[in-house]
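The chain below stands alone and is given in structure tokens; this is the form predicted on its own.
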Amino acid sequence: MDRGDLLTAMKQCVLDGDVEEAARLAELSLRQGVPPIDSVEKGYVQGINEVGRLFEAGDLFLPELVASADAMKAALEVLKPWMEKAETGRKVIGRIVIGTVKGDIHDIGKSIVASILVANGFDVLDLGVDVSPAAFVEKASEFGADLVGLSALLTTTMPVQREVIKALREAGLRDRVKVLVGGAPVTGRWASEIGADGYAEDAIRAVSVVRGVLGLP
């Protein structure tokens, strides 16, 4: 498979949500000497960008979006160590800590957002689920985060988003760390009420909201 065909196949496997093929092609690209940065930007990212366009147009739905994000994640897991090893990683446009708040173990939406942010040039530290305010503060400080993303899928855990913002303020980080909130029960009104900097209705819109909050073009 020549390089052009390989990159085209990378795009297609993301569109198809084919996790195994995404990982296989990433490994193949390394054996063929394709720079990992090219595989990411000229292959997989092209696929996830098309997925986003189709999702916004209503031509693709949540299950397909989840599968595509998983495929993108599988490819990045193969390629990222080599990008770091070669010191030829993508230009990072922002550093983000993301997680689902304490008491909530819902993972899908948060993971999609993390994958798509990585695909768009952000360095993302995904803390997983059931993350305490103290852990968000600690990792935001250690990671040098520009933004913290807080997911809550239960109305009972939404108040923890407010607690994280309070904890960031008490730690002296709030002036330099922006906060984005999201999750099925979360609204723009709630974001304003708790003092968040932004609210994303879904994973695709999260990228543009993050860019806006961080003042990026």
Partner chain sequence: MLIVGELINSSRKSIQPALESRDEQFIRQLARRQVHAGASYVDVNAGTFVDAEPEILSWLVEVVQGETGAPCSIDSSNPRAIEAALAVHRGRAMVNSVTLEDSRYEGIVPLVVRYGCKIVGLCMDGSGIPATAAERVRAARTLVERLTADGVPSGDIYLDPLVQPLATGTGNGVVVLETIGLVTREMGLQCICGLSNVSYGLPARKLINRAFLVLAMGAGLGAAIVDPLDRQLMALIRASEALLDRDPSCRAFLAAFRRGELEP
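All of these numbers come straight from a predicted model, not from anything done at the bench. Numbering follows the first chain given and starts at 1.
Missing here is the form predicted in complex with the partner chain; even so, the following discussion is about that form.
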Is Gly128 near the partner chain? Define near as a heavy atom within 4.5 Å, in the predicted bound form.
no
Please run the contact check for Leu79 against the partner chain in the predicted bound form: heavy atoms, 4.5 angstroms, yes or no?
no
Is there a non-hydrogen atom of Thr155 within 4.5 angstroms of a non-hydrogen atom of the partner chain in the predicted bound form?
yes
Since only the chain is shown here, I'm wondering whether Gly33 would be in contact with the partner chain in the predicted bound form (any heavy atom pair within 4.5 Å).
no
Candidate stretches 54 to 62, 172 to 180, 34 to 42, 144 to 152, one within 4.5 Å of the partner chain in the predicted bound form by heavy atom:
54 to 62
Going by heavy atom distances of 4.5 angstroms or less, which of Val124, Ala74, Ile112, Val137 would be at the interface with the partner chain in the predicted bound form?
Ile112
Applying a 4.5 angstroms cut-off on non-hydrogen atoms, the residues of 102 to 121 near the partner chain in the predicted bound form are Gly103, Ile105, Ile108, Ile112
